[in-house]
Ligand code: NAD
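Encoded as structure tokens, the following chain is the form predicted alone, with no partner shown.
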Amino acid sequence: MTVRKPKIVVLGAGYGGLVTVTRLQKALSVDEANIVLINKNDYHYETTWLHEASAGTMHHDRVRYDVDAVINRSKVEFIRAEVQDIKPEEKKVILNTGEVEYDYLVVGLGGESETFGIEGLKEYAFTISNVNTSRQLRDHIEFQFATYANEEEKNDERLTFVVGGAGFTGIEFLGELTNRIPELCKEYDVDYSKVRIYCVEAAPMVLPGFDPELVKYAVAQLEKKGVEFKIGTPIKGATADGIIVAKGEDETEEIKAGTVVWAAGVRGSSVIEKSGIENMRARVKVDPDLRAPGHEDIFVLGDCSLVINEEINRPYPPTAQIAMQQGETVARNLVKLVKGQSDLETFVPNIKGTVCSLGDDDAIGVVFDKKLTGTKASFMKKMIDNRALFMIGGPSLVLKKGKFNIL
């Protein structure tokens, strides 16, 4: 009598999903389980590099690699499709191409831009959320310079840039943008003094939660390159001409800009909300073993999961570092379940360090409790990027896609 093999379905080829699959394909034989990976693209993209593609300092093809480069097709079935819904009671995933049943499900669908209901953002602001939005933003920036250069009556507002959000994405994008703009000015014979760059943040500080001394360094470096910070200034709306910000209690002010980039919020996948799994802003407050509460067969990781840091009673930020560590824990727990063991592992994040890039040759960071700035921090950032590639695809992926201009 043949024993039915459990079917493990992994949704999303992001950091968490790919680590889960690459660990499972090593740990389980084809006789022990069927492993299925579902993703809407046939490639993975490095989310933490998108700010570079968006500013045009890195080609968009550099930020992605084929899923086939890291999965073993003899052990993993890959389905290219868009996930539309999850039916936990029926143990089914609904795709735009059909449906797939599962015994165990791993949800790593990544995040979506959160606009907090601010009027006009969806229509008029660019986001840095995937390869295609990054290409669109890069092309738009170049188009603004090319158009300005050819206008008889110059519209200086065309060269005004507003970045909404002074978190990691906003600051890293500003670092790249301030490196790219002098090149564009030179290329299109545009007077650099005509360019204005604003960073608008509703919170009272830049990079909340980061070391204040390092934040001060980052702000000073970006101000030196022309960024004007408007901190404690909520965006009230976006229009075809720019943004509306709060000014005082009842007043508002318009900042006219040819480019508005929204980098101030990430939520989980809307698929989570449709599924009926308990969530907050499409993120699931997972059990210690990373399962969804009340669902012993569903694991959630990455942007779709919410893990509380008990020391400060706040969620850990949804970083690539944590998603990859979650992937390793989920894979080990799935192996235990497949082998009939019930003592699942508790997920404990191991934060080795955090680095925020300020352009190709500058950064700030805390690595093993040591504060770093400038080229040393930039070196560490590139090492972290290379390590992420190594964890999923080994030395060959690092050689193919890694960052080696490290000094």
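Start at 1 and count along the sequence shown; that's the residue number. Small disclaimer: the values here were computed from a predicted structure and weren't measured.
From this point on, the text means the form predicted together with the named molecule, which you will not see here.
Residue contact check for P317: one or more of its heavy atoms lie within 4.5 Å of the named molecule in the predicted bound form. At least one heavy atom of A202 is located within 4.5 Å of the named molecule in the predicted bound form. In the predicted bound form, the named molecule sits beyond 4.5 Å of every heavy atom of Y192. Not displayed here, the named molecule is kept clear of G268 by more than 4.5 Å at the level of heavy atoms in the predicted bound form. Out of the listed residues G226, G120, G167, P88, G167 is the one that sits within 4.5 Å of the named molecule in the predicted bound form by at least one heavy atom. A264 is the sole member of V260, A264, L334, L290 with a non-hydrogen atom within 4.5 Å of the named molecule in the predicted bound form. Figure note: of the listed segments 318-326, 150-158, 184-192, 248-256, the one touching the named molecule in the predicted bound form, with heavy atoms no more than 4.5 Å away, is 318-326. Annotation for 341-355: interface residues with the named molecule in the predicted bound form are T354, V355 [heavy atom within 4.5 Å].
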